[in-house]
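Presented as C-alpha cells, the chain that follows is alone, the form predicted on its own.
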Amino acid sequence: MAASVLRLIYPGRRWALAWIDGGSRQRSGTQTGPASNWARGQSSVAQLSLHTAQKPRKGEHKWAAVVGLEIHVQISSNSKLFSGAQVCFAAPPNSLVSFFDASLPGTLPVLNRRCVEAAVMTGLALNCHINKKSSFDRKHYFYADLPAGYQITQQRLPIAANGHLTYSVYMGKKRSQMATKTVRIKQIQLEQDSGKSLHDDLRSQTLIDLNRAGVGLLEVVLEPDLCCGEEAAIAVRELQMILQALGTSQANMAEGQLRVDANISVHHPGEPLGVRTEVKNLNSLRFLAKAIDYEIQRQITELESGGEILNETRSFDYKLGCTVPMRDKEGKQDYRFMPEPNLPPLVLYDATSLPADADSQQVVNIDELRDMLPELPSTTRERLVEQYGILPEHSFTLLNEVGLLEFFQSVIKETRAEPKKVTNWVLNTLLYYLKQQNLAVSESPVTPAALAELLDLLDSKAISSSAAKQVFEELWKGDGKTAAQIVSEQQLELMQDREALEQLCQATMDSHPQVVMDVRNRNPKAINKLIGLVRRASLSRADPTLIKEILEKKLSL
C-alpha cells in the first residue's frame, strides 16, 4: 500500500544580536526572521569547512563541546522481540511480518528470552547495575512505519543502568602515547524497532516495509562525557567490538545493525551548558566523527557571529559534509508514556534470589550469564601485549581492523619468526597494501600461510629484507606461486658462498679507491656507501651484516 510523502517546510529562524567586549557577550534581544533569512543563513552554513571555521580571537573565551550519544543496537536473534517472525537482512519487502508486527487487533506480545539474555550480558560487560525488576512502556507517536502508533520500550525502569565504557585515545603530536578515558552509561533498555519507509521521489510516494518492525533493539544511552568526533567514534568502535565479542549483535553499521544519534552543544568553560542539537541516524564511524566535528564548528561560528543555536533535530549530508535541519524541538513532544498493559514486569534472578523449585527454562539467572561472558577486547589487548611482547598501540590496531587479529594469530602459528617481526609485517606491510586498494583483511591476496612461509625464508637468512619485499609484491599479484618458487625463479637467494662474497668485496674496493680512502680516514658514512656498492654488485643477494664483517676485516689489514 502506497502513501503520499509529507514534506515540511522549515518555519524560519530566530536570530540574536550580540556585542563582544573583552570576551563577554550580552544579548540585546531576539527576533524572528522570515524563511528567506533562514535560507540565506543556511546556505552559508552548508558551505562551512572545518578548516575555515573561525578561531577564538585574542581576549575571547575558548569554547568547550559536550557530546552525548544514543546508540541503537540490533540484537542477534532468529526472531523478533515480541513475535516469532524471522529476522533476516534484505529479505523481500513485507515477507517477514507476523500478525502482531502488523498490529492486527487481538494479537499479544510474547517476550523473546534470547533478547533478554543479550541485554543482561551487555549490561554486565559494560559494568552496569542489572535491575532484577524492569518494566515495559508504550511510547506513542505517529509515523507510517509504526503500525500500532506506539513503540514498546523501557522508559521508566530499564533492564540495566549506571555503567561505564572505557576506551583509549592517542595523545601527543606523534600520536605515540595512549590515554585511557571513560564515558558513563546512563542506561540500557530493550525496545522494538520500527518498520522502514521507502521514499520514491519519482512517483512522489512512500512505501512501507514492515520486515524490520518489531526487531529487538538495545538502546545504549551514554552520558554527555565526550568532547569531539574522534572520541565519539573511538568509544562507539570499542562498544561495537564488545557487542561482537559477546554475540549480542553483529553491529554491522552498513546494514543498520548499529545506529547512532549524537546530542551536541558548546559553551564557555565555567558557564552553563549551551543549547543542544541532535544529529540523527549516523550509520558509519567516519560519518559520526565528521558530523559531530562539523556541528561543533557550526555552533561556534553561529554564536560568534551573533546568532542563536536552535534546539532542533538535524541529519548529516555526507555528500556536502555538513548537517542540515530536519525538524525543530522547541516544543517538547509528548510521547504519552504509559505502562505496557500486555506485558508483566520482567523479573530476573541471581544465585541468592533464585527459588529452589525454579525452572531454568522459565527464568533468567544473572550469575549464570556472568559466568558465560567471553574474553572482552580490553582483556584480549592485555593478553596480546603480555603473550607476544608487542606494543599496546599495536594491540589496538590488531583488534580495530576486522579480521586482522585472526590473520596475525594464524601467521604466528605457522612461522618460526619472532612475534615482533610478524607484527611489523602485518601492521606495516600487509595493512598498507590493504588500505592502498581499499580491501578488507578477508580479501587479502596474501594468505597467512604465504606470509608465514616468506617470514621463515627471511628468518633463516635465505633472503634479504629487500628481497622479502619483492617476494611480497609478487605474492600480492595472486598468481598462485609460493614464496619459495618466487625466490627460486627470480634468483633472490642470499649468497651463501663466503669466498665468492670476499672476491666481490675486494673487486668493489679496487674499483672505488676514493671510498676506501674515506673509510680509512674514519668517515662514518663511507662504510655504509661501500656496503651499498657491494650489495648493488650482488643484485641485493648479499647479507649486509656479512658484507660489513668482510669489509671491516679487509680494511683492517
Partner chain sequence: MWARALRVRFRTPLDRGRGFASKAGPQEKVQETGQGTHSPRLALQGADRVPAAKIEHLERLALVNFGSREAVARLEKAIAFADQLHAVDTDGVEPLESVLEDRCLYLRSDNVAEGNCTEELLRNSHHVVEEYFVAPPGNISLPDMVNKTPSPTAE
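Positions refer to the first chain, counted from 1. Since we're looking at a predicted model, the values are computed, not measured.
Note that the form predicted in complex with the partner chain isn't included here; everything after this is about it.
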{"query": "Listed residue that, although the partner chain is not shown, lies within 4.5 Å of it in the predicted complex (heavy atoms), from 179, 273, 104, 373", "finding": "104"}
{"query": "The partner chain: the contacting residue among 400, 168, 429, 94 in the predicted complex [heavy atom, 4.5 Å]", "finding": "94"}
{"query": "The partner chain contact at residue 198 in the predicted complex, heavy atom, 4.5 Å", "finding": "yes"}
{"query": "The partner chain contact in the predicted complex: residue 82, any heavy atom under 4.5 Å", "finding": "yes"}
{"query": "Any non-hydrogen atom of residue 209 within 4.5 angstroms of the partner chain in the predicted complex", "finding": "yes"}
{"query": "The partner chain contact in the predicted complex: residue 77, any heavy atom under 4.5 Å", "finding": "yes"}
{"query": "Site test, 113, 156 and 344 vs the partner chain in the predicted complex, non-hydrogen atom cutoff 4.5 Å", "finding": "yes"}
{"query": "Partner-proximal stretch of 345-353, 442-450, 160-168, 259-267 relative to the partner chain in the predicted complex, 4.5 angstroms, heavy atom", "finding": "345-353"}
{"query": "Residues in 141-166 with any heavy atom within 4.5 Å of the partner chain in the predicted complex", "finding": "142, 143, 144, 156"}
